[in-house]
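We begin with a single chain expressed as structure tokens, specifically the form predicted on its own.
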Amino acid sequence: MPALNKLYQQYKEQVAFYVVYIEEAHPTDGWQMPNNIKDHVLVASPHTLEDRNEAAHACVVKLGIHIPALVDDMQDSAERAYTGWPDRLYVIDRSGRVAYKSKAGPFGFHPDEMAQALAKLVPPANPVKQTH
């Protein structure tokens, strides 16, 4: 998360950044990852939108996410549209096209690749002025 939080800080005035909480990848009532237990990120499968909102909030806090969070609906519309499960990084351009899609995370996350995609689409925040 630190690298993604850094990108958010760098581009937040020029780019709309969001974390979209989708269905829980490792619920306590399903397949559990050892890191979730170690990091105390223990969430049951949400059965209502209220449950999902609470799970999203808990994950944002425990994982130290600074990026604004949205919550997918109970039909998993965002996950289905973008194949976001278990988790992925995306850059969507102004035309609504996918300009960058990471491999499945967290092992497929390469924030430096995302940064390169952003740099191609967004001019620097403070361009250097040429003097003669």
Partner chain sequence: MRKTLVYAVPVVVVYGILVGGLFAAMLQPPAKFGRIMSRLPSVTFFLFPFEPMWLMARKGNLKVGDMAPDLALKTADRSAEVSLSSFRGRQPVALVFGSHT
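Positions refer to the first chain, counted from 1. All figures in this text were calculated on a predicted structure; none of them were measured in a lab.
From this point on, the text means the form predicted in complex with its partner chain, which you will not see here.
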Q. Does A115 reach its partner chain in the model of the complex if we count a contact as any heavy atom within 4.5 Å?
A. no
Q: Classify A16 as contacting or not contacting its partner chain in the model of the complex by the rule of any non-hydrogen atom within 4.5 angstroms, answering yes or no.
A: yes
Q: Report whether the minimum heavy atom distance between K101 and its partner chain in the model of the complex is within 4.5 Å.
A: yes
Q: Find out whether any non-hydrogen atom of K38 is located within 4.5 angstroms of its partner chain in the model of the complex, and reply yes or no.
A: no
